[in-house]
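Form predicted on its own, single chain, as structure tokens, below.
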Amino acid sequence: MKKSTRIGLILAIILVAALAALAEWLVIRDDDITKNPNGLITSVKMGGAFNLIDHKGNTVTEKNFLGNYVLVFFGYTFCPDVCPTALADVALVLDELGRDSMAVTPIMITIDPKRDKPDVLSEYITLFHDRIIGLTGTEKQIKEVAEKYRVFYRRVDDQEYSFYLMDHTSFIYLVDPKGTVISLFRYGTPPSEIADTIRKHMKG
């Protein structure tokens, strides 16, 4: 790779990360979020019903995950930095929880359904943990679930490259067994902190 191309790619990645941070602030503002012993919580309603397809090709809804705590992350398989880091952190959270992890279902919902078909998701998520579930769907279905979680995303094109990136919100959401978003974690939150917050919720 030429030096100029490599520098251009690095600058593009930095720009996408910066735009993601700005978008995140716009969609879920800091004054919407408060901190308590059980982690970050938001004063705005998030989450709800959805109808998507998992990485095995099965149709699933939010009802399939009731009864367990759920960690939800919105990302995509072509993501160069934020998504693989976040999913690696989710895997570490499961390790931190030990036996308690069986009461937690980790999910990645793609914001790039054009490329992230079930087979692509299946190959990708297994790189991080065998219990992570990948969800995809139509453009409309993804838009609907993203809006319910107040997730911002958009396609970012650059004429210098043959591929495109996605600018997107990078929170990890914790959903309780009844299907209610009860906490969220900023990108970069230590896995041990996420695991501790989940345990606190489990203990009531």
Partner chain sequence: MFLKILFSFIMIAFIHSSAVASEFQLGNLTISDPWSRATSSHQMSGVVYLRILNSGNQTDRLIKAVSIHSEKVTLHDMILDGDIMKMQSIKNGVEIPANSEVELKPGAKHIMLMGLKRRLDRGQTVSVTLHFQHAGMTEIKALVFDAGSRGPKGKNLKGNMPGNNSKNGHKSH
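Positions refer to the first chain, counted from 1. All values derive from a computational prediction rather than experimental measurement.
This next part talks about the form predicted in complex with its partner chain, which is not shown.
Trainee: Go through 59 to 67, 149 to 157, 46 to 54, 133 to 141 and give me the stretch that gets within 4.5 Å of its partner chain in the model of the complex, heavy atoms only.
Mentor: Heavy atoms within 4.5 Å of its partner chain in the model of the complex occur in 149 to 157.
Trainee: Can you tell me if V145 lies within 4.5 angstroms of its partner chain in the model of the complex, counting non-hydrogen atoms only?
Mentor: Result no; V145 lies far from its partner chain in the model of the complex.
Trainee: Is M102 a contact residue for its partner chain in the model of the complex, using a 4.5 Å heavy atom cut-off?
Mentor: No, M102 is distant from the partner.
Trainee: Does I107 make contact with its partner chain in the model of the complex, using a 4.5 Å heavy atom cut-off?
Mentor: No, no contact at 4.5 Å.
Trainee: Applying a 4.5 Å heavy atom distance criterion, does V175 contact its partner chain in the model of the complex?
Mentor: V175: no, not in contact with its partner chain in the model of the complex.
Trainee: Scan 145 to 183 and note down the residues that get a heavy atom within 4.5 Å of its partner chain in the model of the complex; none is a fine answer too.
Mentor: Going through 145 to 183 in order - heavy atoms within 4.5 Å of its partner chain in the model of the complex - the hits are F152, R154, D158, E160, Y161, F163, L165, M166, D167, H168, T169, S170, F171.
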